[in-house]
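Next comes just one chain, in structure tokens: the form predicted alone.
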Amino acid sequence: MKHKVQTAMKTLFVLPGLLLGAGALHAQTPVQAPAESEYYSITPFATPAETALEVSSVELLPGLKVAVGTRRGEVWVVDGAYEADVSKARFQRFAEGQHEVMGLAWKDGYLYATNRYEVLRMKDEDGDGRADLFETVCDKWGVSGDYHEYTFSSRFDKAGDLWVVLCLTGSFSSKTDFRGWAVRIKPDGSLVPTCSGIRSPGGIGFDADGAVFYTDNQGPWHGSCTLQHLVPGSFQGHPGGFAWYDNAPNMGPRPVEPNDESRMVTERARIKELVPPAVYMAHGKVGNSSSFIVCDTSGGKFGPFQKQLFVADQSHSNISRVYLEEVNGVKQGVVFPFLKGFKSGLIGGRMNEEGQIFAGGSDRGWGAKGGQPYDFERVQWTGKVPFEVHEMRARPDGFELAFTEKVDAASAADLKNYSMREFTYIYQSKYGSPEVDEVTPKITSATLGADGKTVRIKVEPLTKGHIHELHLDGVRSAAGLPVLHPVGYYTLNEIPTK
């Protein structure tokens, strides 16, 4: 017999057999369907009326201030952004007149800004709150005027370098120096070509260990948006910028051309420099236009996801969560939905040590689900832990799922509560790709670990190079709650041997 439990948002059916054991929910106890807002809040700022604050980059400054760069070439400083009441935040224009500020980094009293054609550094020498010293640090890449030539940069890495990812000219080709490349800007201003194969980046950042990742967007040679590991000397997938190997002797000879209408896993065997996407941000499901990357290094102030990555999407006005691991020397992992409901298309973002994400963007030229032309908002953890898959780890015969809370034993063992499909994308010169080569594997067992929070599922078969889409709609916590986001997309570049 099924007991019907009414909730504010939907009806949960709770089987009595699922709710036995210490700490379990009794069948007659009402269970509220979870909502994202119970766990993470989104707070909008009232932005200055005299500008369209189309946020494209964010950096943290001394004195609990926040710098915001915009698509309109301005830099603003926000005072009071950390406070509980953001209505009291004060905005002051720090600089203007640049061309799309898509990277900000603070170092030694200077604010470094990356726009389409240069990295420059700025300083307020007279203390009036506006920059009055401007110095070009590096402008050794090309710009043709094509609308597509966006330029994103990181904060400083451990060696003191800035990483810059340079969008192609249009979607297909590179008309001027190092378009379609990742480069490093050394402290002396010199440019070091570092990776080829970039198409249309949307953001760049570091994981907790300092490894560098960027997001690329669906288009030629990219069947979906991706999160990619920038390994020095690597080829990231799009051959449009191969001509610049002639200007990059440190990189060695250019890679062989990828075969058209192939598969990433096939071309990896041919092209030794090719690094596959660490995660495919499943197109139309996770998002359509991946953008900024932040890593949770707040030490638990942002909830239970320490050291995981959070990746925004401009089109879907959302943030997704990524867990990464390394298998056979290659980065790979899983993406889960995390938080939706932002007011515009997210482009720039940054997390502070207090576990707050400052995020913003615009919808100009692309459109976004948020519905407003631009936004600047703050995300905070409410202190309540959601029931989620915390980590999804590849195993030789399946996956190991670690949850944030203890799992109800009966629901964990019931194979009807799991389903999976596997697919990939065509690696091709045409724009985008449908999902292809679908496999429907069988989940043959699900075993709850002694800790009560880990479930080992066996999957037949696993398919190297495929995205493994896992659904867990029937799994419940020991308290009877469903998984807040019961779908994940694991990119299986490598199958572990043990």
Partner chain sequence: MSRIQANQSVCPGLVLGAHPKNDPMKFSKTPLSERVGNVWLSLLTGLVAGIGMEAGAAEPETILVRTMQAQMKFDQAEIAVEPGTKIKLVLENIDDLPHNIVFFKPGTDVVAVSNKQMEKPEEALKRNWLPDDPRIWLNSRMLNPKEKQELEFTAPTEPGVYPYMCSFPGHVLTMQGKLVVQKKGPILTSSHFAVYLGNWDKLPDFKALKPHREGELPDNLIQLKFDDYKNQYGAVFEGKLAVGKEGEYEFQISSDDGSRLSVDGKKVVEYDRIHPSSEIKSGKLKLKPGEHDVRVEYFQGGGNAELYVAWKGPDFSITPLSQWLHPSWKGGASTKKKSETTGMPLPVGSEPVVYRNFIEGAGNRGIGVGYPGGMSLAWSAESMNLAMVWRGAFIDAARHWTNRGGGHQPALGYDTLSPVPVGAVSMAVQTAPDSPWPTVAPGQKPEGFSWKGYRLDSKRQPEFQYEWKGVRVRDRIEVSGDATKGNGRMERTVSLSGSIPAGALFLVGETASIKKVADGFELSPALKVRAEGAELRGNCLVVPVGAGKSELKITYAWKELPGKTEAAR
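In this text, all values refer to a predicted model and were calculated from it rather than measured experimentally. Residue numbers count along the first chain shown, from 1.
The form predicted together with its partner chain is left out here; the points below concern that form.
Using a 4.5 Å cutoff between non-hydrogen atoms, residue 304 does not count as a contact of its partner chain in the predicted complex. Of the heavy atoms in residue 435, some are within 4.5 Å of its partner chain in the predicted complex. Of the heavy atoms in residue 247, none are within 4.5 Å of its partner chain in the predicted complex. Proximity of residue 283 to its partner chain in the predicted complex: non-hydrogen atoms within 4.5 Å are present.
71 is the sole member of 71, 350, 331, 321 with a non-hydrogen atom within 4.5 Å of its partner chain in the predicted complex. Screening 275, 162, 264, 120 for any heavy atom within 4.5 Å of its partner chain in the predicted complex leaves a single hit, 120. Heavy atoms within 4.5 Å of its partner chain in the predicted complex are found in one stretch of 265-273, 233-241, 128-136, 383-391, which is 128-136. Shown here without its partner chain, the chain has only 218 in 198-226 lying with a heavy atom within 4.5 Å of that partner in the predicted complex.
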